[in-house]
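This document starts with two versions of one protein chain, written out as structure tokens and named structure 1 and structure 2.
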Structure 1
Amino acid sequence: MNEKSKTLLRNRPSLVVLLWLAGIALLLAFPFLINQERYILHVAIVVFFNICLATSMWLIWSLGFVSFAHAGFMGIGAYTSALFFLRLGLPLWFGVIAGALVGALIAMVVSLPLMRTRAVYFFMASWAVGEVIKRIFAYYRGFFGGWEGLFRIMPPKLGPLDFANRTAYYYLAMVLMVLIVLVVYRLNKTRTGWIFWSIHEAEVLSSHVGIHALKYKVAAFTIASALAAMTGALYAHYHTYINPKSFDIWTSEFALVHIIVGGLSTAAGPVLGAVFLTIIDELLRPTEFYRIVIFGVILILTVLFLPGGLESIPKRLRLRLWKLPEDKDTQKSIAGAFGKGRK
């Protein structure tokens, strides 16, 4: 390993901390940089919600699974918080905790049989779970509002701070986004995160060395679903109106596209994909139906020409500009220093 590679490895912790601090500082200053323009703030809040959903789904992906029930658990959090407000008068602060707990409880029960399936069977089973959740919201009209949904889900207040103000809600959504990304990022760096990736790479082998695969799969699914439910709670109080169609399979599919385009190897992938594609989606809004077609083209081009996703661009540039050695041991060490997945 040459001196430049060793320097990268030594400086890795400080670089990560500096990047986190710089990113948070930019987010804090962003509303004032745009003069609190309401439309841009709205797009930023949507970006935060998409990052939360994609990052929490990525946690399940670290096991090697893609859950199409994820939007359903986002809906559980949204409806739980909305009902707490509309029926009991309790604000978002109670609803977000209740939504996370209800989502986690249902996810734990559902995941016990669900996580015993694999490949296409898991895909079909998770899709069925998402559809069942949506249909329950739709057909129990007296309680969940049916297809018409629930109205007048007001944003919360905290003393003199009224989150009906879009700038205030921007900071609230930002806090949730940073929390979810940080939780997933730190979890991925722990022993538990390594176990998730070992199950992803070789579940049978990991079971033979003493890892209780089902226990860890249930834990990952439960944590990811609870994070999605928290996202749903903030989503409901921001839009003030929800219906079952807000949490159908398309929401899960867009989260998956965000992950694939951003990159599958690290927690940075879903963040990059959600930011990039949400902005592209807003720019393409005048094209109406063709937005879906263009999204498909972007996905195909990413798979063909940028298989590592957007997160692989810095590594590609480093390899080209610095002309790093081609031996695999050195490249693996450098990739590990920059947080590449467990491969």
Structure 2
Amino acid sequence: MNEKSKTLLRNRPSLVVLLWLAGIALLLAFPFLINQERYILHVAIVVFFNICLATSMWLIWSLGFVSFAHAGFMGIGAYTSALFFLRLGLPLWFGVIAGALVGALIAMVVSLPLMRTRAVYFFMASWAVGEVIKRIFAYYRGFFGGWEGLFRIMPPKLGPLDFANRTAYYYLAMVLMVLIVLVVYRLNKTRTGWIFWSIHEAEVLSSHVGIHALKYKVAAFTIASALAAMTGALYAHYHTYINPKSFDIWTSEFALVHIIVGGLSTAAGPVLGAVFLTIIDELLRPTEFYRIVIFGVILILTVLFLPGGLESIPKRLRLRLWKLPEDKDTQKSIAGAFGKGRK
């Protein structure tokens, strides 16, 4: 690696901080850039929710697991907050904390047996957990509202600020999104994050060097589920209506697709995937029944031509345009690392 490469790589963290700040500044200014157009703000809020769900799901992926129960935990947060509001009159501020706690508690209990399974068994078991959560909401009609769901879950107020205003809710959803992305990003950078990836790469080997794999797996699952539950709480108070079908396996599957298209190896992947696919899906809506075909073709194109996901585009451009690093062997080794998880 030459000096130019080393200098640029050394400067990378500050670039990341700059990008974060620029991104947040853009998000803060966005409603005014679009003249507070209500429909576009709605799409932005949906994008934020999708980022939250995909990013929290990615935390479980960092262990090497794909949880199809993830939307179920989003549902737990949504129902907890909705019930706090409808039964006790407590606003979202209580509901979001209660939702996270209930979600975390259930996730911890469920993950103790769930995280002992692997591969296809984990897939099946997590699917079953998601389905059971959905069915519980549906069957206990008196408490959870049954298939009809719960209605009139109003947005909160904070002093003079009424979050029924869409611009206000945009900022609320944005705060949650930044919080979740930051938590997952920072956690991924810590020693704990490295341990998650070591379990991802070689669980048996990790155990042999003294890592209590189950403990870390339960921790990651619990944190990710709590974050999904917080997303659910904000989702419920935004849409003002929830039903069990809103949190079924398809919601988890879409979050997984966002991760795959965005990229699997960094926290930027789910963010990019959720932004890209949510906007594309919305743009395609006027194409009526061609929508699903075109959407499918885009997915196939992405997987075929960008195997590392959208997150690999800057690296590919850097490699090509800045010709970094110059020696082809290192280039190949870096290019090969895209999409293979963090090494």
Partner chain sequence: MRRALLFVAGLLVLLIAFGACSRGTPSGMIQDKVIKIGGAVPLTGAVAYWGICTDQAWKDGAEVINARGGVKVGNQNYKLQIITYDHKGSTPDAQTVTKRLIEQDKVKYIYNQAAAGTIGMLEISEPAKVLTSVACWGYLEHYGKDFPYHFRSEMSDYEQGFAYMPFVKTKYPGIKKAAFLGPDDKDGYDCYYSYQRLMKYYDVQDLGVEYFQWETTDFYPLVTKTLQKKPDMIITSPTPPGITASIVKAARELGFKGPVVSPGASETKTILEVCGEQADGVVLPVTLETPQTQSQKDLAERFKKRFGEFNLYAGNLSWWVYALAEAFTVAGTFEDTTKVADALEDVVLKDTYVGTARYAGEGAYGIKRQGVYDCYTMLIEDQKGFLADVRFPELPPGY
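Under this definition, the rigid core comprises the largest set of C-alpha atoms superposing within 1.5 Å between the forms. Every value quoted in this text rests on a predicted model; they were computed, and no experiment measured them. Start at 1 and count along the sequence of structure 1; that gives the residue numbers used here.
- The chain appears twice here, and it is structure 1 that represents the form predicted on its own.
- Positional change of I313 between structures 1 and 2 stays under 2 Å at the C-alpha, relative to the superposed core.
- The Cα position of E288 changes by 4.6 Å between structures 1 and 2 once both are aligned on the rigid core.
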